[in-house]
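First comes one chain, alone, set out as structure tokens in the form predicted on its own.
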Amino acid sequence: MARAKKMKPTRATSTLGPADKLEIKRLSNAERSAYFSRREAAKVLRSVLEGDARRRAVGSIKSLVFRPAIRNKKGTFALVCQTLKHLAIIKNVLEASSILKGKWKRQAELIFIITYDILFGQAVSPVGDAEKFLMQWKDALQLALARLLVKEKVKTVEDLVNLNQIPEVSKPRYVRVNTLKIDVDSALLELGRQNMVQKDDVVPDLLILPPATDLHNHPLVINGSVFLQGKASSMVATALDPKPGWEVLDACAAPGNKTAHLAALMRGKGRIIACELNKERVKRLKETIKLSGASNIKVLNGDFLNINPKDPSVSTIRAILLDPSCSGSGTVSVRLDNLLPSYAAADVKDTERLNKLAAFQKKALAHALSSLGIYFKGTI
């Protein structure tokens, strides 16, 4: 007789009491998966909303969901996106019902996720304190939603959502082949077993698949043989064209896709210094490097602008990859930034933010160019 797989302990299960653990074991596989997806989605949603509030994201929605720590990537991604899509409605309903207060205010992201499932998603089993609490308020939540529809003079939830949504843009799915682990032709053959695939005509190690191709669970993605990376992002390291044996500085490295690309182009030879100021983004950077299999990258948690080019540790740098923070206006639909609260609240502060970004970019570029002048003194 086949033995049932033992559920691995996670942070979500370790905080449950014996009664809850027993209830979870009694759930169907689909119900159990939904329970844990809500917990994973709440963690991602917290990172997304905190980063959006600071205008300094740890990573895009996709990169946060597709990190190795997230087990149910498909369910988590769907929950995060749909909750963000309905977030204005959810907040309005919760406020009208006077639910989000006390200890639940500290678990706001989980409350948002469960409220989405109760009102718009799949059935919620009353397992877990948050689920049990919100199921008691199910009628009040539905009543508040009905009143909101009347207030906004719309007939359906879809009409309500569309009041603040922009049309989705269909773009190809790009994947960059990590040549540290697999060659382009082998990746093309493997991905071509289930999808239409072709090589990009600009970036040699980039492949093009049909829009919305779902690869999050593909073995090549999971083991780091290919990266879900856009064409614009993949062009950066290609344009720099570092040679094996060079010493290269990646000035604003996180989340690390371009850093890993540098290592692949250098065939794992030479040295790369990956500089990143934000500690949370450093964690994401290290995860990406580990997944890529690159062994010639040194992570520096610090400000690129504070690096002294006369310091012996960086005096032999041959090239600098500088791709500083930008507005992201050209990748809104790809990064799903149109789902973020800040996107619908564009105002004077955004103009100030753009001015600050421009000033930083100018300062970073000037520092990089002056540094290169010192690095190559006597050779140019």
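Residue numbers run from 1 along the displayed sequence. Worth saying up front: this structure is predicted, and the values here are computed from it rather than measured.
Just so you know, the form predicted together with a small molecule exists too; it's not on screen, but the next bit is about it.
Although the partner is absent from this view, D323 contacts the small molecule in the predicted complex, with a non-hydrogen atom inside 4.5 angstroms. Contact annotation for L277: at least one heavy atom lies within 4.5 Å of the small molecule in the predicted complex. Using a 4.5 Å cutoff between non-hydrogen atoms, P255 counts as a contact of the small molecule in the predicted complex. When the small molecule is considered in the predicted complex, W137 lies well away from it, no heavy atom lying within 4.5 Å. Checking G245, G293, P204, G302 for any heavy atom within 4.5 Å of the small molecule in the predicted complex turns up a single hit: G302. Only one of the listed residues (K73, R281, H218, K85) places a non-hydrogen atom within 4.5 angstroms of the small molecule in the predicted complex, and that residue is R281.
Partner proximity in the predicted complex, defined as non-hydrogen atoms within 4.5 angstroms of the small molecule, places exactly one of 138 to 146, 122 to 130, 255 to 263, 196 to 204 at the interface: 255 to 263.
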